[in-house]
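To begin, one chain is listed below as structure tokens, in the form predicted alone.
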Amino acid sequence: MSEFRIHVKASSEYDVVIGEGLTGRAGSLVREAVPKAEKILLVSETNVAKLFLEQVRSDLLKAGFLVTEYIFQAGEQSKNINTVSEMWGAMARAGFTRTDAVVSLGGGVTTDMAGFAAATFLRGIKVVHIATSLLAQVDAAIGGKTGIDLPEGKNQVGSFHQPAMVIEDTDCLRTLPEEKFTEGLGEVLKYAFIMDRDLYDLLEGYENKSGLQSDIETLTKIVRASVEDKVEVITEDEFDTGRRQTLNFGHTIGHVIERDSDFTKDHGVCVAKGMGIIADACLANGLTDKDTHDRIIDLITSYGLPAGDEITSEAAVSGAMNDKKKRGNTISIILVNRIGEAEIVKMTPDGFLEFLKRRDIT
């Protein structure tokens, strides 16, 4: 069984461990990450818990931890302060101290909320992420962004809190519903477009696109490349003041689409829509050539994701101006002029609206 470790050098250093069968070694890996912990809050959601909770819980107990479980209803709709408050309460009732830890078991919603609970309980305790979804493995579990949603927008409340370890069992990807696997590809495609031409070539040249989920060897390559890409960016810009903003390609509009659906549309699907809309606008504004535009759109759709949405330019701009990435009266929009290269462009609301509306007149 192959195991890869990618080391993250941030304000708190840690390893991302990638391999098959890692959920069966959760106890020893968590013990390695948090050697002083006595108590663990094991956080999961209803769908994932059915598949992996008992195995992970049993292995944590064998490693000598006292385990308290907290299971929430699966879905983005649970990503709110009430759910996190219940996590705080569970830890308080169990007598957690600052040497104890949270372990998340699930996808991006789970890692975001468990990370936020850990970041804020007793002013900060350690968290280990066991990422079970493709989206979490390539993006959400890595880099220390934690948070919850408000009715006004996605991830409006949160903090930076680096994990003590991220455990990524590629076997878990086989268990995902097809639509959840496909949404994770939205984040994978993002890396290919903004910084990784080799990953783009791998994805573009892969012939059996509909069968990717069962090809663990290729999936492992894709997960490893995506993690290496994100680690490179966060090592340079941990707190999202420069290059890390390029990871938001497609997200500014995607978050608006997601919020306006009352978070019923999957995040990765909304990101794919956002990337397609920005690609269309870049072509209409003469900022990219038709070949680059067509390559972006074709790769998105070839993996079963949508590359557009019915959202109006006005709605997109209005929603974006409530985005957490806004600085004063400007927002950073990520453009891809060439495959593998991203550009950060600051726009005012009027400038962003003009940029988007040009799609309608070309």
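Treat the numbers as computed from the prediction; the structure is a model and nothing was measured. Quick note: we count residues from 1 along the sequence shown, nothing fancier.
Although not depicted, the form predicted in complex with a small molecule is the subject of the following passage.
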* Asked: So in the predicted complex, does any heavy atom of Leu202 sit within 4.5 Å of the small molecule?
  -> no
* Asked: Do Glu168 and the small molecule share at least one heavy atom pair within 4.5 Å in the predicted complex?
  -> no
* **Any non-hydrogen atom of Asp309 within 4.5 angstroms of the small molecule in the predicted complex** => no
* Using the partner position in the predicted complex, report whether Ser302 sits within 4.5 Å of the small molecule, counting heavy atoms only. => no
* Could you tell me if all three of Gly153, Ala316 and Lys346 have a heavy atom no more than 4.5 Å from the small molecule in the predicted complex? => no
* **Contact residue in the predicted complex, from Leu283, Leu176, Met87, Val227 (heavy atom within 4.5 Å of the small molecule)** => Leu176
* Contact residue in the predicted complex, from Leu66, Met321, Ile297, Leu51 (heavy atom within 4.5 Å of the small molecule) -> Leu51
* Asked: Quick one: which of 331 to 339, 57 to 65, 22 to 30, 40 to 48 gets within 4.5 Å of the small molecule in the predicted complex, going by heavy atoms?
  -> 40 to 48
